[in-house]
Structures are given as structure tokens and as C-alpha cells.
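Next up: just one chain, as C-alpha cells, the form predicted on its own.
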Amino acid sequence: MIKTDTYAVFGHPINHSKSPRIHRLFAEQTGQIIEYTAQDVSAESFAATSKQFFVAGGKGLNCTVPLKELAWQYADQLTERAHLAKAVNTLACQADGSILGDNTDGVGLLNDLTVNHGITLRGARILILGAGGATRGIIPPLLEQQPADLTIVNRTVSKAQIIAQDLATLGTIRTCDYTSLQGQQFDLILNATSASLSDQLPPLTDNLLCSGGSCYDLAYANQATAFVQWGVEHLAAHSLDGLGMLVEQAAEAFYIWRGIRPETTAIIKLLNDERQITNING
């Protein structure tokens, strides 16, 4: 009898998660036999529930809001990208029983931008909205692409400055508040705030996006987010949400767990077709 390896995504809330469906599609595509579930886990119960999961034979976990920083603390060892991000979205049980923590968000974003949509980052002027954990996780792979400059804008500039200082060895990171953006233009604007979750928009100036520039919202929904709509209204060459990033980061996690990298294009298309967003310019 073939033993079914078990995986899960922990988060709070979690009912909206597309991860179980994505990983089931990956498993079907690659011939892997796994079980992947979504479990509502609070921050307070995360450590105990994770220990119980792995003691019972669980092979790997994905961790989403609000658990990524706790997963970083929980892991016995960290990859370099997880260490830099100070957040973990993928936990993997190793052969010796230890737990490896990784962060696949940055590579997921990079693959969606450059491979799926052909957006060139080398020499680009990049603006990241927000200075939370998501921003910290995506900066290292973005800087590896050698953009002309990278700026973090945040209402509380000191939070952006901390990230810039922590990642200073990777490259120059500028920081500012929203009022200081007046007169500046960028080739790529990434929304890493939580504003889209409440259908809100950061205070953006009208001429912020240069001609031919692109917008990308790390959040995703079954309808265009406020930031994606802003990109469309400001004639972005691409105005995208984070569904592609979600699938790509999941593919990286699947590879860490199973040693097989699934093909993502057809799955992204399937999920996009199902939600039938017509005003996202891909």
C-alpha cells in the first residue's frame, strides 16, 4: 500500500485559500500522491498545532497571514532567502526530523513578472508600496535583477528605513513617504500593502507610472483590486494581481517538498478563466 504524504496550509482566516486546489492540480500533473488541506490556525496556537502536525507524520506546511513571522521562529534551520526575509511561508520536514524554513514569495513574484509576463527588471525604476513582511520577502530577488533603483514608500518612513538598512548589503534601497513621490516616475509599481483586502488604495499621485510601465498587486481576488483598476486607468502596459505569484510560489514549495517542479502556465490560465476578470491587462 502506497503511503500518502500529508501537507497543509495554515492561516487565519483560511477559507478563501486556493492553495489546496493548486497543489492537487500539481499532484495530478506530476503523478504525485499527496493530501493537502487548509486549516484555520491562529497565531496563539501555531507552534502547538505545527508540532502536532509534524509529529503525526506531516511532511510540509505552507504558512500565510498572520503566521509567516512565527513560522520563521519555529523552523530549526533557514534558507538564505528566509533568513533575509525574516518570514517563512514554507516548512519542510527533513530526513532527520528537523524542520527547514523557506520563503518562496520572492521567487514566485519574480517568475510571474519575468517569465509569465516578460517584464524586464534590469535597469527598471521600481517602487514598492508598503513596508511589511511581504516587502522584505520580495526585495532580494528584485535586487538580483539589477534595477536602476528601488524605492520603498510607506506612511511611516522609519519602517521602510529598517528594511533598507537590514538589506543594505544587497543593494541601494531608497525610502520615502507618499508626499515625497510628487514628480517621480517608475517603470514598475508593486503594491505590497494590505489596502486591497479592504478595497482601498494607497495615496498615489496621477503621474507616478511612466509610459509603458506596469503595476502589480501582490494581493488577489475574484475581481480586479482597487490597485489593479488604478493601473488600468493610468494606462499600464500590464496591470496584474498576485494570482500568478500565488501559483508560482506554490510551485517552488512543491519542488522543495517533492523534488519535482510543476508546470504553472496552464494552472494559472485555468484559475484566471474561472474568475473571469475582464479588466486586468495581462
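From 1 onward, residues are counted along the sequence shown. In this text the structure is predicted, and so the values were computed from the model without any measurement.
The form predicted in complex with a small molecule exists for this protein as well; it is not shown, and the discussion that follows is about that form.
So which stretch, 112-120, 207-215, 73-81, 147-155, is the one near the small molecule in the predicted bound form (non-hydrogen atoms, 4.5 Å)?
-> Contact criterion met by 147-155 only.
Which of Ile139, Ile173, Leu127, Ala192 has a heavy atom within 4.5 Å of the small molecule in the predicted bound form?
-> Filtering the options by heavy-atom distance leaves Ala192.
Do heavy atoms from each of Thr4, Pro20 and Phe53 fall within 4.5 Å of the small molecule in the predicted bound form?
-> No, because Thr4, Pro20 and Phe53 lack any heavy atom that approaches the small molecule to within 4.5 Å in the predicted bound form.
Using 4.5 Å between non-hydrogen atoms, is Gln200 touching the small molecule in the predicted bound form?
-> Output for Gln200 is yes: heavy atoms within 4.5 Å of the small molecule.
Does the 4.5 Å heavy atom contact test between Leu188 and the small molecule in the predicted bound form come out positive?
-> Contact with the small molecule, no.
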